[in-house]
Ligand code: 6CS
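Have a look below at one chain only, the form predicted alone, in C-alpha cells format.
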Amino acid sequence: MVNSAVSEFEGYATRALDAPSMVPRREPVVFGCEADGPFDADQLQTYEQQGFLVIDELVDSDFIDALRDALSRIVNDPALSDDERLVREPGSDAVRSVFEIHRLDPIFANLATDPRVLGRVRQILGSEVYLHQTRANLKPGFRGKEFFWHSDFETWHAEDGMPTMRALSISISLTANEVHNGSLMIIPGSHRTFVGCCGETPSDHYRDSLRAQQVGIPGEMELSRLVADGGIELITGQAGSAVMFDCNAMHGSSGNITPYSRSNLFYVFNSVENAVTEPFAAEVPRPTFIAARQVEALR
C-alpha cells in the first residue's frame, strides 16, 4: 500500500500527479560544520550552494588499479552471469551496473569505511551513516547508454521510503572521466527544489528502470527552469578523483560513443536518523540489493 499520508506530510508528493510540481527543499543541505571533518568552511559553502563538490584526488593510483581489477573479476565471473545485481545495457549483454558491490569483494567494503570517504560524509550529514546503496556504473566504449536526468531522492523517496533529504552520493572515478565519454552532468543549485513527477510506479519497476528509466524523471519544462537558474556542470577528472553530491541534485549523463570506457563507483550514504520506511509512491519496496533496509552504522 502506498504510504500517501506520510508522503503528503513530508511535502514531497510524486508519481501519481496530474502535472509535475516544483516545491522548495525543507531540510538543510549541510548538517555538520568545519570542526566536524576535513572540509573547510569554503568547501562546505560550495556544497551548500551548488549541491556538489569535486575532490581532485581522493584515491591513489595503486588503489585504483586494485579496484579496477576487482571489478573486472566480478564482471567476468561466470558464477555471477545470471546474478540480478549485474544489470545489462538495453539492447546488449554489456554490463551497465553492478549493484551491492561492497558485498561482492571486500575491497569495496573497505573503501566505504576509509576515513577519506567516511569523514567527509559524516561531516556533511552531521551524524553516523549507513550504506543505502552501492554500485559500479560501467559505460563501455561504443555501447554505453545514457542515464536520463533525475533526482535520486525522488526515486529513493517514492520507491524505497526515504523520508527526507539527508543522504548523499560519492562517485569515485575508476577511469578518466572526459568531456567526450559520457561523464556525469549536474545542474548546480537544483538540490534546493524537489521536482514531483507524473506516472504511477509500475510493479517491479526496478527491472526496467535500472536499464532505462521512464518513470520518475522530470518534465522538459521543469528541467529547463532548473537549467535556466543554475546551468549545467560537466564533471570531469582523472582516475582517483571523486564528486560528492546531494541526494536531490538533478543529474544525468549522455551515452558513450567513443572507444574510451568510463567506469565509476557510487556509494550512497544515508543518515542513521533518516532510515527508510514504507515506500511513499510504490506498492512494495525495491529489493535490498538496491536499497538497504537494515541500518548498520559504518565504523
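In this text, all values refer to a predicted model and were calculated from it rather than measured experimentally. Numbering starts at 1 and runs along the sequence shown.
One more form of this protein exists, namely the form predicted in complex with the ligand; it is left out here, but the text below deals with it.
Contact with the ligand in the predicted complex, defined as any heavy atom within 4.5 Å, is confined among 83-91, 174-182, 193-201, 144-152 to 144-152.
Only one of Ala112, Leu210, Leu223, Ile74 comes within 4.5 Å of the ligand in the predicted complex through a heavy atom, and that residue is Leu210. Just one of Arg166, Lys139, Arg135, Arg120 comes within 4.5 Å of the ligand in the predicted complex, counting any heavy atom, and that one is Arg135. Contacts between stretch 266-287 and the ligand, counted in the predicted complex as any heavy atom lying within 4.5 Å, involve Arg286 alone.
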